Ligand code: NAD
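Shown next as structure tokens: one chain only, the form predicted on its own.
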Amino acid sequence: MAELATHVVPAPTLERFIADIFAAAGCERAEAAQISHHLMGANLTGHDSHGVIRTPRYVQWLQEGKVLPGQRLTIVNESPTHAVVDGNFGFGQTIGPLAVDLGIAKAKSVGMAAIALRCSGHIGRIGDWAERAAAQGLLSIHFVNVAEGELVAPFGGVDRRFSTNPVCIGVPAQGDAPMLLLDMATSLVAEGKVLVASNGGKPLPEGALISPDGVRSTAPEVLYGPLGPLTPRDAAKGDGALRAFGEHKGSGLAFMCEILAGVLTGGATSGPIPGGKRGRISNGMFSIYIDPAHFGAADFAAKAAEYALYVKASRPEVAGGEVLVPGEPEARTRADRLANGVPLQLGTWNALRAVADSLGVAVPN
């Protein structure tokens, strides 16, 4: 396969540039920097689908009033072991840390806590929140859905019913070792992967999408409709759907994400969409935080790391290959991109330049 054309930007330069864009779009400087930091975190771990590629879309939502700057959590109800909280449609990169920190504080106090978050703006890479809990020595489990975010066909169907509904589990690490982190969409690929592919990035795997007539496809147009180089990617303009991973297994997980993150939080499921026309999407996230120390699990992180080494010692299927554990690819990619810069597809870079120009923000060389 031919190498994909990219524009490489040093990580600190790119983070400042994105923060400048959000500040110019109307966010306070501190919030703009936080949004940029979390978007960059996705790029640094190799999850470009949830990184700075989202900037033009976020700015559009901000200008349309679909996401609101400067928001804080509203606590709907709580006890020592749980809380139901409303994000008031604030940026997910602002609301997410607040919800996670509440869960951390409760779990450290009583050993275990559940946080039901509703009405958050797009909450980004869920691994960020598991990493935040792990840094405090906590194991965490997260189920996420998207209200009014139908994108994925259920197993055996072609009509959209779910969103990409990620599931994430994070395990704290021992010392400086990388944490163990499982962070995955329940669709075969995340919608952001289609976004990256539409901008000239990595092609989609076979059968990632399905058209209304049941034909499987790799063409982003199935999800977004006809595309030009700077055409905004809007899934409402396509008539196809993403497919769940693992056939009935991924579809079943996606369904349960809707129940936990959409119904139990008191938010909303992906559909049906009122009136058949999208208003604003919002994320729901049901999270469980566990302090291993309260469970009598002596040397928990050390024993988890020991087991990871045992798994990695399995003989590779292919000569010269390697068995990887969850979180290992992200740690390696972060180290590489911090040292060598962040590669952006040319379509992504051009879209960032366009939104910067529209806001009067200087584009770095």
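Bear in mind the structure is a predicted one, so any value in this text is a computation, not a measurement. A residue's number is simply how far along the shown sequence it sits, counting from 1. Rigid core: the largest C-alpha set superposing within 1.5 Å between the two forms.
The same protein also exists as the form predicted together with this ligand; that form is not shown, yet it is the one meant from here on.
- Contact with this ligand in the predicted bound form, defined as a heavy atom within 4.5 Å, holds for exactly one of 139, 83, 181, 208, namely 181.
- Of the residues 196, 133, 185, 152, just one reaches this ligand in the predicted bound form with a heavy atom at 4.5 Å or closer; this is 185.
- In the predicted bound form, this ligand lies within 4.5 Å of some heavy atom of residue 283.
- Of the heavy atoms in residue 326, some are within 4.5 Å of this ligand in the predicted bound form.
- This ligand is not shown here, but in the predicted bound form it comes within 4.5 Å of a heavy atom of residue 47.
- Residue contact check for residue 262: none of its heavy atoms lie within 4.5 Å of this ligand in the predicted bound form.
- Shown here without its partner, the chain carries 122, 146 and 330, all of which come within 4.5 Å of this ligand in the predicted bound form through at least one heavy atom.
- Judged by heavy atoms within 4.5 Å of this ligand in the predicted bound form, the contact stretch among the candidates 98-106, 208-216, 186-194, 84-92 is 186-194.
- Shown without its partner, the chain has no residue in segment 86-119 with a non-hydrogen atom within 4.5 angstroms of this ligand in the predicted bound form.
- In the core-superposed comparison between the shown form and the other one, residue 82 has its Cα shifted by less than 2 Å.
- The Cα position of residue 202 differs by 2 Å or more between the shown form and the other one after fitting on the rigid core.
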